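Next up: just one chain, as structure tokens, the form predicted on its own.
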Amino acid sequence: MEQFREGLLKVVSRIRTSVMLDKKEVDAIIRELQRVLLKADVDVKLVFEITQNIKKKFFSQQLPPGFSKKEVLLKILYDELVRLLGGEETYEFVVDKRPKIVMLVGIQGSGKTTSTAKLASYLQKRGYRVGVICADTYRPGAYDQLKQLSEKIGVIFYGDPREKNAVKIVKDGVGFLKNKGVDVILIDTAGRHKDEISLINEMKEISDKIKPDETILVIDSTIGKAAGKQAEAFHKVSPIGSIILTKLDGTAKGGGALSAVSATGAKIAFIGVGEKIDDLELFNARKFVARLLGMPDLENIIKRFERLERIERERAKAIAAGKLTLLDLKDQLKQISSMGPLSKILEMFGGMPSLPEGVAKKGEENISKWLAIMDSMTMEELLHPEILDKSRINRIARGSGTTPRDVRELLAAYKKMKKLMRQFARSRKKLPGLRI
């Protein structure tokens, strides 16, 4: 996984050090990102889809106020990687009944028994009383390994090394642990391959008899994108509620395993990041990607974008209610500056009364001046023009190379437009069957 991280760090470094993010430079960055993803065993089609999305979004998106091109490209890269690895939602282990029965399944060698103990330790530290059942009657040493780990972390263990019927062991174990008053029962089943019919049937029989509340699939991330096929095969036999990816710390193919599993729709719950009993982490795609990108300031950039998105939502509601801010006016002026008269702003709203002749004429003469004035305003001033007092107006005039009188003329025209917007909103609300 470290190779994947190093490759992404190089991509981030190239974005940060780019002097001009033109088409040629962005294409070069995209090619480098493609090489990194392919090396991590991410599916070719998925690599192409992700990189094309990044390119399309970057060149079609208007640069938001207060952000650089580099920040916008990094945010788009972050969003696409989060989507690749399963999206924003984080898995939550919910104990909605007692005991909650969880069955762990997977192929042999995936680290299932160790993951059972790690999960037991994780839940115990969160206040749950946990019991584990060894239902692996095939692998020599499975019983002893899970028993030792259970005793080490202090959870209740059940197993019967003389019994060869896994279904009976599970039934007896569930009864035993229920009597002990546990909150969660973890069942460690025998490792099986998707093509081993007898073992797959045994898993199905346990599932049918016990009816676990959740089935967790344990997958070795070193198998890369093949993890997706394993997840699909097991899901057909017993619906997979969530997935634990093991050995993520020691493979270059971790990105491929993560993306392949996410593509199946299964939720990645935990990732194994080491051999110690505490080396099990709740998987959070956002934090995971931020760590991969090695950007301590990424969280700050994300929060700024989130604030911007909240502002945009508030603006949309305000416009629908007939309210207008200077930021709205600024955006509209930028959009139509090459289209002709200022009066076309209101044509976008269909049926709205024309601007008074004096306002329209003045707007056509001073559009570039108005944009310069608004470029010198802070976001707070654009959203709340009512705070513009004499000292602020003088500062804005100096910053835009205009006069205080020019700033006041803009504010006067803005107030007239705002009044028209309110009148228009009121007239639309009176129309039967029309909602805005």
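Please read all numbers here as calculations on a predicted model, not as lab measurements. Throughout, we count residues from 1 along the sequence that is shown.
What comes next is about the form predicted together with a small molecule, which is not displayed.
- Taking non-hydrogen atoms only, Q145 approaches the small molecule to within 4.5 angstroms in the model of the complex.
- With a 4.5 Å cutoff on heavy atoms, G274 counts as touching the small molecule in the model of the complex.
- At least one heavy atom of S110 is located within 4.5 Å of the small molecule in the model of the complex.
- Although the partner is absent here, D249 sits close enough that one of its heavy atoms falls within 4.5 Å of the small molecule in the model of the complex.
- Each of T114, K118 and D136 is positioned with at least one heavy atom within 4.5 Å of the small molecule in the model of the complex.
- Just one of G131, G86, G173, G191 comes within 4.5 Å of the small molecule in the model of the complex, counting any heavy atom, and that one is G191.
- None of 68-76, 100-108, 165-173, 178-186 except one has non-hydrogen atoms within 4.5 angstroms of the small molecule in the model of the complex; the exception is 100-108.
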